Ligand SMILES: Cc1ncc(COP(=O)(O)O)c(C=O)c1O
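As structure tokens, one chain now follows by itself in the form predicted on its own.
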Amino acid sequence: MELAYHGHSGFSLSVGGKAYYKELFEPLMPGCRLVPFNDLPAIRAIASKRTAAILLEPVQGEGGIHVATDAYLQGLRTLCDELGIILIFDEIQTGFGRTGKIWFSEHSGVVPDIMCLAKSIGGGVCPNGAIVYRDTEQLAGYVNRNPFFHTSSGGGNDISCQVSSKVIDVLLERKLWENAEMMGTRLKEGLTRIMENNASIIKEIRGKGLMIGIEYTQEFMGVLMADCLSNSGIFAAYSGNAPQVMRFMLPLTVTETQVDEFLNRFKKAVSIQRLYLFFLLPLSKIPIVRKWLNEDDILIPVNVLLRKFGM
């Protein structure tokens, strides 16, 4: 999908949606085609029985927290069944309760053929990843006949697998996806109230569960807001493929008190942002200045300089 992110290694880069990550490593794998996210007709226009697989994040992370609709995912499942295409969900960011269900695919009732998992499976302690696939002749049958078709110098780590096993136990025992759904609703409602009073700064709040994205009205605001939030005690990253969007992915164990504290600090950061924008918004109307403001290499040093002078 356009704006997709699946990692930085060979095949992953080939199916990524940002040219910036690819250009130093081209030529990459042939036969990979990108289409707009949430656009089923665009996929139908190029899919055929020669198509090997359709790969997507059900919620685009780096791409700016864009959530796949139920109709879109259900349409993909139908299309793949019609043409014999493998449907692959990258649930590395959405899996293990992040969006209010154990897997995002549960929201739509769609079962992919392959699911890629990682990050949360290690509980923030050990890096680990896993591939889950359906018990079909095409998938399970092939792996059973060729158990060593994929080798890895870091795969099968005993310690990481022990940690992951305990992480899954805790997830299921505490039903953390239920807390993610409740706290995500509280967070989204609070951010929406702040947005309503700051329409010149915040364009949209979107996401699912505790995977929330805030889109600012100007691209440079993502970098600037990250700085304002750091001064308020919050670490927040803007999206690599969409700098005007900031991702908030609070821990699945977050409490109501912590969510409310976060909202208070975010509101404070927006107030700080307003002081910067008093000068920057008029300047951003000048094309060359707006181009400079959207350059990280320029904006970040300027922020550092302003802080040195107590601004």
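Keep in mind that what you see is a predicted model, and the values were worked out from it rather than measured. Throughout, we count residues from 1 along the sequence that is shown.
One more form of this protein, predicted in complex with the named molecule, exists but is not displayed; see below.
The candidate spot formed by Tyr5, Glu57 and Lys119 is fully in contact with the named molecule in the model of the complex: every one of the three has a heavy atom within 4.5 Å.
Among residues of the shown chain, Ile92 is one whose heavy atoms approach the named molecule to within 4.5 Å in the model of the complex. Here the chain stands alone, but in the model of the complex its contact with the named molecule, taken as any heavy atom within 4.5 Å, falls in 92 to 100 among 143 to 151, 199 to 207, 92 to 100, 224 to 232.
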